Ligand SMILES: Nc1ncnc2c1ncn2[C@@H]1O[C@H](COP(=O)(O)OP(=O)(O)OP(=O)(O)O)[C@@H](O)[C@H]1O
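In the form predicted on its own, a lone chain appears below as structure tokens.
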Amino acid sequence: MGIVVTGLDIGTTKIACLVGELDDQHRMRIIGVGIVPSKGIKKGVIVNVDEATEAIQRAVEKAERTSGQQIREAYVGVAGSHISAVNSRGTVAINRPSHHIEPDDVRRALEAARTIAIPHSQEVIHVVPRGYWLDGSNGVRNPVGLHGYRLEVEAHVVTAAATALQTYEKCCEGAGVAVRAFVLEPLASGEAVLHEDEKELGVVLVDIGGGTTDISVFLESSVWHTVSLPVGGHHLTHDLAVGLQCPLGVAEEIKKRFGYAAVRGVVDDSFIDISHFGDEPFRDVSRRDVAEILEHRVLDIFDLILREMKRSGYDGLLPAGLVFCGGSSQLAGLKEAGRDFFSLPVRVAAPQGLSGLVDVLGNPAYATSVGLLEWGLHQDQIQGRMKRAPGGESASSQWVSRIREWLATLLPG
């Protein structure tokens, strides 16, 4: 059996626990799936520990039954308005006589970039290198093996509220699962749905979930800007419930079956009998009215996305446009409305190239869930290669230790 890893996506709408295996051909195969409705979570934040713990436990148990594996640890996705990010630089001198760049030098540079002033209430979860400079020359992707006197790294430092992370950890441990590492959900989603050429050219990943919209700007194959907005699909449903004066459950069903992101895209302006969706008395609503309500909220979300694109400073450097994922990205007409609003290429993406238990996973709603596996398998594969590195036992052990410390700066936990 190859490397086995577990990803745990604790979302506002659902909790998904996936188990993946890297086979001998280095392909990922889904061997375990556990998906349950969320409880105790609002806008990406746990608000009821007991309810969230119970839901996580049920998802884990389902994944254990389908995989035949006992799940002891998992890569856990985090998102929400408590997430912050800042770009930072770190510089170190190369003092050894050969001036040969080693992994330890990269680790020291990332540690220097990590040393920034953050509130005591925040905790660093990622230090993602964006690019390296060697003796003032930029464009260096991997400095290890090169020669120089001064190494500088520009990094994207992501922090999260320490109390939120502690709560996530408490709920996971209550469900019998240790947190191997926290992973920012937009980074995980990017692993599952973005193409390498998109990340190189410049692209915005927009993950619209139930309670949050996570935005990431990728450029030159690295993340340059991340933010989580406290608005998502539940707000669309709430607007419909208020506008149509119907229960939330009825509004959700109408949104899924008849919703459209823009009024002008509604060709069939027929009426919907909402009594078919519950105990409501007979009452017709126009599809155009439904679209008009949804359009207002969609445009609000688009406006927030555009503001973040401008705030990042890279809004003019994104020729690959926008890639939407997440459950709420499946709203009919969203792609076309996005193209009109942003005047950029827009596509709605789902995980591709999966094998194994993938009946429901080829869906934009599972971008983060699958991405957590991709992220985790990548990390475990790197560490597996390090464990098998040739050389004398003492030197090899020291080298592996230094690399592990370096990896810890990229993905602590």
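In case it trips you up, residue 1 is the first one in the sequence shown, and so on. Just so it is clear, the model here is predicted, and its values are computed rather than measured.
Beyond the structure shown, there is the form predicted in complex with this ligand, which is absent from this document and is the topic of what follows.
Would you please decide whether H225 lies within 4.5 angstroms of this ligand in the model of the complex, comparing each non-hydrogen atom pair? Residue-level check for H225: no, no contact with this ligand.
At the 4.5 Å heavy atom threshold, is G210 in contact with this ligand in the model of the complex? G210: yes, in contact with this ligand in the model of the complex.
Contact label in the model of the complex: G20 to this ligand, heavy atom within 4.5 Å: Taking the distances in the model of the complex, the answer for G20 is no, it never comes within 4.5 Å of this ligand.
Quick one: does S328 come within 4.5 Å of this ligand in the model of the complex, counting heavy atoms only? Flag for S328 set to yes.
Looking at G233, G190, G338, G77, which has any heavy atom no more than 4.5 Å from this ligand in the model of the complex? Of the candidates G233, G190, G338, G77, G233 is the one lying within 4.5 Å of this ligand in the model of the complex.
Candidate from G44, P351, G34, G376 lying within 4.5 Å of this ligand in the model of the complex - any heavy atom: Going through each option in turn, the one that passes is G44.
Tell me the stretch among 329-337, 112-120, 129-137, 175-183 that has any heavy atom within 4.5 angstroms of this ligand in the model of the complex. Of the options given, it is 329-337.
Which of the residues spanning 9-38 lie within 4.5 Å of this ligand in the model of the complex, based on heavy atoms? Counting only heavy atoms within 4.5 Å of this ligand in the model of the complex, the contacting residues of 9-38 are G11, T12, T13, K14.
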